[in-house]
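Just the one chain here, the form predicted on its own, laid out as structure tokens.
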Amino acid sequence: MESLQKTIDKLSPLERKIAPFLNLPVKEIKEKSGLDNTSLLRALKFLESKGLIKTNTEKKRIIALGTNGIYYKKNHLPERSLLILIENRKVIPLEEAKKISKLSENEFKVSLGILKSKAMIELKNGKIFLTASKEEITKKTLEEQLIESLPLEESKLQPEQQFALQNLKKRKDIVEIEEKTTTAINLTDSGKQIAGKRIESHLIEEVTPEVIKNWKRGNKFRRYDLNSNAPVLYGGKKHFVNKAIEKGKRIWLDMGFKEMSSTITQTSFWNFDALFTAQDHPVRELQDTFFLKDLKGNLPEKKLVDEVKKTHEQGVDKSKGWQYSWDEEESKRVVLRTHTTCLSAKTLASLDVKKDLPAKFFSIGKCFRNETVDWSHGFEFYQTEGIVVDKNLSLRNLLGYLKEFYKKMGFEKVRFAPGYFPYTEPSVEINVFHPEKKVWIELGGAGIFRPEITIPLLGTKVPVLAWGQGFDRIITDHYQIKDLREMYSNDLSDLRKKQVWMK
């Protein structure tokens, strides 16, 4: 066992401050040492880790009087004031009692209800009748008795006091519950040898230029306990969601893509019409989309609008379109974007086919849908979007881009399956293999944009590889988040523990 002197030599300045007072109650230790609560508790924990003391912390719930409770203790509860008024009259009209009682309207109503529940009064024909005996009137109620006896520890309340407490808690500011933590100290055998003794405090804590410059023979360093638990230090870092987004963006940029960006509010033209979504399609209804009330947006140049309108009404490139009358006003409605594919549409419309091809673009942005929030759904989510535009592209190129992206995100095994998506034909679903769960996880869809999208936007039929992947699924899988809501809870203790994405 380590000698007592070696243990003393390890004591920190805080521990040395309270060592002479360890045989006193905690309250007196604080007063005599001059330490604040945090420093005192830290010093006690240090001493406990050295085996000098044992601490016993106990939490108590104390029932005390609130603001109204203090007033009522001095001036009667409202129901007692009303009872005194009725006692003198036996019978009193309800309106007259309300007027002369000097109680607030709420206090008067509450008092009537309480006295009725205790069978002390009756209400008939707009009058209050006293039904309680003189003995019942003079006897203090359980609530009055409890108010007079507070403060009390909740765990020590008698059953009738618990009943009265529940009644008083229904009323505003009569009682309040305070949580108090008390710490008791028990000295070990080693602690008893130190308690009450003043310990030298001139030991050197650290080597500084000043210490070296004024070094004296006989200087002594404090001994450090290498086995003691060091405090956990959390370095500053970005929010894990932002860090994951940065990583995704870096991958696309390294693959030669340019970033697309725009506002989270978009007109229905870009969010739906330019992507060949019919104006009577259910996805455009309120149950799926957040529309901005009483707001209309501006449409792009008339030539583009006319091309989109023609595609909807008549079709293009052997397509028959939707065969309905396209409404320009409907396309002006402003929404919170339901996907980032609207960015792809706007980007395509800005390209010059003769000068700008080949072209590659990506985005990672937030989208919004009118979903009920639960562990697997949210009304906001991140999506990673991408398009590649060139005359010499095929589905094989698309699979190559996606496989490379997910490999860089940490998924070694990627597979594709035929799928259906309204904007693309052909279309594929992307699945990645989870090495720990041994299952394939679906992450999103991709394909080649339909002519009904590319011809109006580009002015000609050019292959456009396109994808829209749910990025939240990648984040929750990496950080083993079971509930999607954790991504936005911003619990500081949880955020500190999140590891930096190192894949």
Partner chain sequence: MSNVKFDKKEFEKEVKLTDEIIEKIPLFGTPLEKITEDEIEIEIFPNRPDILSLQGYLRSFKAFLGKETGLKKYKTQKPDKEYKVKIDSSVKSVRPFTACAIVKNLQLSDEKIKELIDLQEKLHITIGRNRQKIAIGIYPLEKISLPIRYEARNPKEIKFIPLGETNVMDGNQILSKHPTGRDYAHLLQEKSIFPVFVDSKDNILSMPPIINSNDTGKVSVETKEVFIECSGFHLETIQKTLNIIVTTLAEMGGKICQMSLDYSDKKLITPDLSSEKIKISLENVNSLLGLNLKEAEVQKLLSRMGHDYKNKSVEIAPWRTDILHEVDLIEDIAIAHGYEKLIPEMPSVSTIGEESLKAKIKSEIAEILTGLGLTEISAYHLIKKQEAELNNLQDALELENSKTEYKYLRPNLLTPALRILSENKDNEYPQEIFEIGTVFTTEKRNKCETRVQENQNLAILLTPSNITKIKQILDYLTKSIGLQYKIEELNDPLSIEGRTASIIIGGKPIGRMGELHPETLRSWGIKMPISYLEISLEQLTPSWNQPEKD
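Remember, predicted model here, so these are calculated numbers, not experimental data. Numbering follows the first chain given and starts at 1.
Separately, the form predicted together with the partner chain exists; it is not shown, and the next lines address it.
Just one listed stretch, out of 178-186, 85-93, 313-321, 117-125, contacts the partner chain in the predicted complex at the 4.5 Å heavy atom level, and that stretch is 313-321. Within 4.5 Å of the partner chain in the predicted complex, a heavy atom is found for all three of K293, R396 and F416. Though the partner is left out of this view, L304 does not reach within 4.5 Å of the partner chain in the predicted complex, counting heavy atoms only.
For the chain shown alone, D173 is not a contact residue for the partner chain in the predicted complex, no non-hydrogen atom being within 4.5 angstroms. Not displayed here, the partner chain is approached by R333 to within 4.5 Å at the level of heavy atoms in the predicted complex.
Although the partner is absent from this view, R450 contacts the partner chain in the predicted complex, with a non-hydrogen atom inside 4.5 angstroms. The partner is absent here, but in the predicted complex a heavy atom of S261, alone among S104, S261, N214, N75, sits within 4.5 Å of the partner chain.
With the partner omitted here, the residue from K403, K98, R223, K109 that has a non-hydrogen atom within 4.5 angstroms of the partner chain in the predicted complex is K403. For the stretch 244-261, the set of residues having any non-hydrogen atom within 4.5 angstroms of the partner chain in the predicted complex comprises E246, K249, L253, M255, G256, F257, K258, E259, S261, in sequence order.
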